[in-house]
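Single chain ahead, by itself, as structure tokens, in the form predicted alone.
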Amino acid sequence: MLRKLFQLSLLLLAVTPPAQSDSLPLPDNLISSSSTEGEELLIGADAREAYFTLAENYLTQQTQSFCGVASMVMVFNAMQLPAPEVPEYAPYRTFTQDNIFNASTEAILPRETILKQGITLDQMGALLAVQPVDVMVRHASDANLDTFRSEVSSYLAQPGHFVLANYFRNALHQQKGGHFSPLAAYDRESDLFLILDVARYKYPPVWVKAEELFTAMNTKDSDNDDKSRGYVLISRKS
């Protein structure tokens, strides 16, 4: 237990983005992970297994349309999947927001298209499946709050299991549009999920009410035939 608390104290520092004069104010409905309340929520969280490896691989999206790309990189590195070689890091290997693209991903959704318009929920499922992982895409309109809460909290409590949320920022009183980020923990008593926001220049990691997050996911995406946004469950192939 003491070791876990020590890890938490170090990783809380690791995931706190540097202060930015032009970052956006946090809405009152969200709790910063680096606040006293946010830190206490993480220490007492019921499901936080995903947090540790995600925090070690936390990064900022490379462009404003790369939230999905950054989220995938975090998850692949957290899962320690076989990664491409990076010349400047040789002989070490890791996924980056540059080398995550290959012939298979280009056939699904070209990098140039992502640069212009980002990734939809269904495209995310297809891109993730290029790697040796099991992927389950959940449209919020096909689920309900109880199912979302149960499935996601279960995943966040298991080693090697991860969740990406696709939500509409405006519904959380943030600025603005559709967004992807990994979920890292769940606290049952407060019914709050922790989002490790990959737009770290814009918002810090935040705790959000399960109902509010589900509502933000249950929004139509015009780039995906007006299907709802939702979440993706990811684990290693058996």
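Quick caveat: nothing in here was measured; it's all calculated off a predicted structure. Just count from 1 along the sequence shown to find any residue number.
Not on display, but discussed next: the form predicted together with a further copy of the same chain.
Can you tell me which of 145-153, 122-130, 75-83, 106-114 lies within 4.5 Å of a further copy of the same chain in the predicted complex, counting heavy atoms only? Only one stretch passes the 4.5 Å heavy-atom test: 75-83.
Find out whether any non-hydrogen atom of C67 is located within 4.5 angstroms of a further copy of the same chain in the predicted complex, and reply yes or no. C67: no, not in contact with a further copy of the same chain in the predicted complex.
May I ask you to state whether L172 is within 4.5 Å of a further copy of the same chain in the predicted complex, using heavy atom distances? Output for L172 is no: heavy atoms all beyond 4.5 Å of a further copy of the same chain.
Spell out, yes or no, whether the shortest heavy atom distance between P205 and a further copy of the same chain in the predicted complex is within 4.5 Å. P205 belongs to the contact set for a further copy of the same chain.
Within a 4.5 Å heavy atom cut-off, is N57 in contact with a further copy of the same chain in the predicted complex? Answer yes; at least one heavy atom of N57 falls within 4.5 Å of a further copy of the same chain in the predicted complex.
Mind listing which residues of 84-101 have a heavy atom within 4.5 Å of a further copy of the same chain in the predicted complex? E88, Y89, A90, P91, Y92, R93, T94, in sequence order.
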